[in-house]
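This document starts with one chain, in the form predicted on its own, laid out as structure tokens.
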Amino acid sequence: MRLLIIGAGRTGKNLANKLCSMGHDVVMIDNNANALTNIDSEVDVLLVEGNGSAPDILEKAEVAKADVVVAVTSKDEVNFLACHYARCAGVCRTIARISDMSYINSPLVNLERLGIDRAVNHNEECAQEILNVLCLPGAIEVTNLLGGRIAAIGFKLPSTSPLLNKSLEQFKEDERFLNVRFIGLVHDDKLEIPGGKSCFSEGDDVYVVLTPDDTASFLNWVMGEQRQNLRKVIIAGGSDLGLSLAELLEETSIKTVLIENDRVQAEYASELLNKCLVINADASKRAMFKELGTDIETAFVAVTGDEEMNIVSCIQAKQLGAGFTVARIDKQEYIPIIDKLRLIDCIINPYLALIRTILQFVHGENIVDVGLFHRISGELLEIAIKAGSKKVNMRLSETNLPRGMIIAAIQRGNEAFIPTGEFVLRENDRLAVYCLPGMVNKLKSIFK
């Protein structure tokens, strides 16, 4: 598939890396020659220098040949125009990054008429991801599936977990496991889909799928005393992402403090927020942590544009007593290093929301949604069983899925649940299937 990315900043670079690794042809447009040079040295893409909203530049990039156009510059107006011209050129699928939410919420803006299939504000979506984790103590990742009817959560096993040194088959009679599907296990840096013989060790990252109603009780059992409720969140960084998170936290009972080093931005945040305490200061100063007070019930969230500072300030917060830390990390290559050294509890990459949206278009019509994790590879795909599919009227046990994929949950009508092998597939069922890297194309062919 051929994709045209407009904007070679951090967002565009992340997208290009992901799409090229999947074997797609990528063309990039940007008016910054240095940005293009940096990408050319790392990613195998076709580069075009110029204004991505200029018709002549789009023609030079052969926009009409693109299957998908993704406009992710820092200027919303450029993204609008690029998508509009792409649609005029016959491109069927367009995605625009939108920073100003007023464009999305205004009745004066009709995105469909502008030629935009999907508008994505990745800061809003990323803020919601962080909130989901903060509101579910014990989890290091939370992804909602099947319209929010099912949750996929990741957690790190503590030394007191009843799962330790036992295999899954030892819990087959335990009622707690009837509505839980284990989809991922990371042990000694190796990712696998757990089977009956899989055993768990302290420090393993475990990923499960279950209903939201069962999530809290299951985590209580798995984590025990290690699961601490949060009473305070300190946010470092008051720009778009930090501000969006603070606004969401104001709707909860969690006390929130926002630290912003830029005085003008701090004043703007203070005017916008109602309950959140806004402080104009440097969040990396130890004195600031001591003044605010950090303890086991405090979460520190570093979402500034400087990821090195985010890492350092999270480590410092942990040393001074914070119970949970979250860091925005833009460079994908940093994540496995940080994870292996166990420096930070939760890692957030704000570009995952855009990548997830693009993959919905890339994978094909029977893939209706895509879930991605920050700490483990692979994809969680929602597949619609279409009329005429060879899997209609087939039991799950008869689907004979190859190693590397697992059916995690199923939605029929408005009900979602964890199925057994005797469940019979029907037309219009939706399946949530987790696939290890390299298995996605096989999955799509299985459920045609």
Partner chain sequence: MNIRAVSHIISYLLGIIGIAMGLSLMISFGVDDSLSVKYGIGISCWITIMTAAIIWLLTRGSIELSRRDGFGIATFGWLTAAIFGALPYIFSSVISEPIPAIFETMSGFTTTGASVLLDLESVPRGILFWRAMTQFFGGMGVLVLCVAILPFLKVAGMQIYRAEVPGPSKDRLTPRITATAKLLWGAYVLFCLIETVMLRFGGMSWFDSWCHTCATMATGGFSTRSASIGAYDSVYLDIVIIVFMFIAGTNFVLHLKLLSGKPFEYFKNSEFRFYIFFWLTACLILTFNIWGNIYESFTESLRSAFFQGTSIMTTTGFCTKDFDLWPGTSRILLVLLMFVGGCAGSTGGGIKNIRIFVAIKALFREIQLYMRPETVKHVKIDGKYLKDKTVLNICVFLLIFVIVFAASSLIMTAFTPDLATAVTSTIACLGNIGPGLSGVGATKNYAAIPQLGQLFLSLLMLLGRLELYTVLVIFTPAFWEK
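Residue numbers count along the first chain shown, from 1. As the structure is a computational prediction, the values presented were derived from the model and not from experiment. The term rigid core refers to the most C-alpha atoms you can superpose between the two forms while keeping them within 1.5 Å.
If you look for the form predicted in complex with the partner chain, you will not find it shown, but the lines that follow are about it.
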| property | result |
| --- | --- |
| Of I385, V43, I410, L396, the one that lies within 4.5 Å of the partner chain in the model of the complex (heavy atoms) | V43 |
| Whether P336, R342 and I344 all lie within 4.5 angstroms of the partner chain in the model of the complex by heavy atom | no |
| One stretch from 412-420, 27-35, 377-385, 398-406 that, in the model of the complex, holds residues within 4.5 Å of the partner chain by heavy atom | 27-35 |
| Partner contact for C20 in the model of the complex: the partner chain, 4.5 angstroms, heavy atom | yes |
| 4.5 Å heavy atom contact, K442 and the partner chain in the model of the complex | no |
| Heavy atom of E49 within 4.5 Å of the partner chain in the model of the complex | yes |
| Rigid core superposed: D44 CA moves 2 Å or more between the shown form and the other one | yes |
| A432 C-alpha relocation of at least 2 Å between the shown form and the other one, rigid core basis | no |
| D429 and M22, C-alpha gap in the model of the complex relative to this structure (3 Å or more) | closer |
